[in-house]
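Considered here are two forms of the same protein chain, supplied as structure tokens in two stand-alone entries, structure 1 and structure 2.
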Structure 1
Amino acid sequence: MGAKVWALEAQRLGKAYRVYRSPAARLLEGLTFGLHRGHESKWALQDVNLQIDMGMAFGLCGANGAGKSTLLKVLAGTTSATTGRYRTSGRVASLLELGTGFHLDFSGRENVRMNGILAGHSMRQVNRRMDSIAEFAELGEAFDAPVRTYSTGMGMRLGFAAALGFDPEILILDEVFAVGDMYFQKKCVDRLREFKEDNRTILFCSHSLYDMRQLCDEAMWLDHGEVECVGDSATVTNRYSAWQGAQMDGCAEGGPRPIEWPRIDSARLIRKDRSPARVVQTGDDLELHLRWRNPQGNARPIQLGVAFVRQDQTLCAAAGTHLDGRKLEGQQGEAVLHLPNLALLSGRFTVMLYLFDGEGVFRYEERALEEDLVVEAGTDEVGLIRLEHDWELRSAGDRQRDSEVAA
């Protein structure tokens, strides 16, 4: 047997963009066949090694300009690498930006057809898949209207349907969960999960660490074009998010105009007896203890939000200080959220924590508790939560007796 076949494999991959000082410098370099160097190389990506197994979802995280999109573009084959090599096993479809290559004057249908043929499918294959693509995009009549008339959300539907529609084995997505209504986002997530179960491979980048944790098996954190860490998605995203926090401190110390953003120092979910709450029972009494800091707190109070999100991305319950008419004042403090008689029924829940500005609009920080909360119902009750309830039962005879009493 030969070596293992990876869905995607890269060795020492690097990408440098050429920056020319002026068109004249470029011309001079061209005319002298490169003897006169008119450009500087800006490395967007350096020495990236990657092995992605089939059936895996792999996420890329990192700050803006860290090289995420460049890596995706190189692997999707739309831009060439400067060093190293890579190989992909199977048909690759990429959705690198919304409305990839759509011609605005042509209808959604014509654009999907063009995309399919561009990807190397025959007209017959394209036509065979057209109905299912139209069905997934759910654009109705608009599918045959010019793309010019589409809203951003509709364009996204079309792009997503077209990328997924031609049965790729490897899907490369660049930050595409950001747009679209909740309904369609959910549909895409479901579809991606199916895709993965079908032993197909997904590679994507996102600023939403939540999406990454939920969808990915493994993740890579890129910083200034280099791999900072790679491993299972929870570890990588947590390390990245910790680094993000530290980064803001760095800004406060070194920057000319310090941005001292509020942040969460620590958070833990415990039982009344102070033992950590990981696996709990419905009806347990829990407390969320959270330490926060807000350097400009005297001038700008902040708000705290807590949300429980089930694994299928259903938001089950949420609480916010702003919703209850409270706020966090001062430069630091501790907040305790009492959760008596937990109503959640069995399931695995991610506990999301948010620091908002005073109006509860802007999110300073968004993070998940390190460990998911696992609830065991301990009863046969089904559903999401247990409603506060009580039964009052009477048989027909009882009612008769009641009316006699009344008479």
Structure 2
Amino acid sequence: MGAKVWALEAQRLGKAYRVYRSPAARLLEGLTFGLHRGHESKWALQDVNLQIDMGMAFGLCGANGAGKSTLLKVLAGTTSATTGRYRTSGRVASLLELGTGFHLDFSGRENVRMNGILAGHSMRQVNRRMDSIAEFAELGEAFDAPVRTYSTGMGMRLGFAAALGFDPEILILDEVFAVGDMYFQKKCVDRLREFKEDNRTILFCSHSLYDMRQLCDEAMWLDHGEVECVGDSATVTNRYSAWQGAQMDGCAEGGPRPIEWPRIDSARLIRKDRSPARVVQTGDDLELHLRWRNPQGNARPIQLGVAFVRQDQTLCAAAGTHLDGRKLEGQQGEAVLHLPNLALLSGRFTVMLYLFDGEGVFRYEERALEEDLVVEAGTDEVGLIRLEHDWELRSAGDRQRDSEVAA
């Protein structure tokens, strides 16, 4: 039996950039053919090992400057590695930065044709797929307009459609959901699920831990170019989220921060009898208990938000203290969200918790309960939620008598 073939494999991968002290130092190094060293090596990646199976969605998380984008660029072939090696099995398509690889004076159609040919496809193959790419992008007449006239969201549509349009085996994405309208983001997520179900591989980088948990099977946390943690996406994102909380409190390595940030200390969803609410029935009475901390107290108001999101990322219900005219006061406290007669019908839901600023705009924290909520309706009702309703049935004779009385 031969060695296992991975969709993407990397061994001891590293990337260093040269940082010169001055332009003169660069010039002197060039004139001396490197005998006089005028630079220092800045390592963006060090000793990264990676094995991604076919049909897997793999996520990358980490703070800005952690090396995520550098790793993706190396694996996509847009920059070379300094140390180590990597191997891919199959055609690779990447969307690293919106608009990368597009000629601004060419139309969307011309850019798709050029990118397809550069990727090794024949003109006949490109032309055969052009209509489906244009249909997915939904740019209308703008598909034949210069790309320099596109908005950022339109550039995202074109880039995503072009990346997926030629059926790659491996798709590399870097923060592609940061822009664009909700409708097209949902369309992209659905297409990625289909892509994965077709036994194709996705390497996905995002600051949205929720997107990573929902889309990815496994994940890697990078910190200063080194691998901090690898495993299933829920475990890795939870560890990274906990580290972020420690950073905000100034408890992580590196010393205290000048500002201590608000945070959610704990959260649990329970029934009236105080037992954990994991599998519940439509109509049950539930309570969500949240403990929060706000070091600056009333000087920096905060708000709490809760959302119930179905597995297909449909927002089914939500509540927020700022939406109900309530305020969180003091430096710490507990909030209890009472949910009598739960209206959600059958399904599996992720319970998302948010800590906002006083206006409910900036998110200090975003996290999910460790376990999804499973709702069993036990009835023949359909839809997302149960409607409070009653039927009154009348015969034709009843309507005639009512008319006579009204007259």
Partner chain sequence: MFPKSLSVPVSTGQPEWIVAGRPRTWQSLARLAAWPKVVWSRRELLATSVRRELQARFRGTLLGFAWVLLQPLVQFAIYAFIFTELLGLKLGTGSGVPAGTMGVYMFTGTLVWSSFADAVQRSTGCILEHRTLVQKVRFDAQLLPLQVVLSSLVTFGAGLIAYLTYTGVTSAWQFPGVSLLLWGPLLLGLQLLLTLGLGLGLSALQVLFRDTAPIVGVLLTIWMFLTPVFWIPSDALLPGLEEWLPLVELNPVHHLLYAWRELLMSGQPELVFNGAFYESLRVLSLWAFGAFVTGSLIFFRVERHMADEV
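The shown structure was predicted, so the numbers you read here are calculated from the model rather than taken from an experiment. The first residue in the sequence of structure 1 is number 1, and each one after it adds one. Each form is matched to the other, and the largest set of C-alpha atoms that superpose within 1.5 Å is called the rigid core.
- Between the two copies of this chain, it is structure 2 that is the form predicted on its own.
- For Ser22, a C-alpha deviation of 2 angstroms or more is recorded between structures 1 and 2 after rigid-core alignment.
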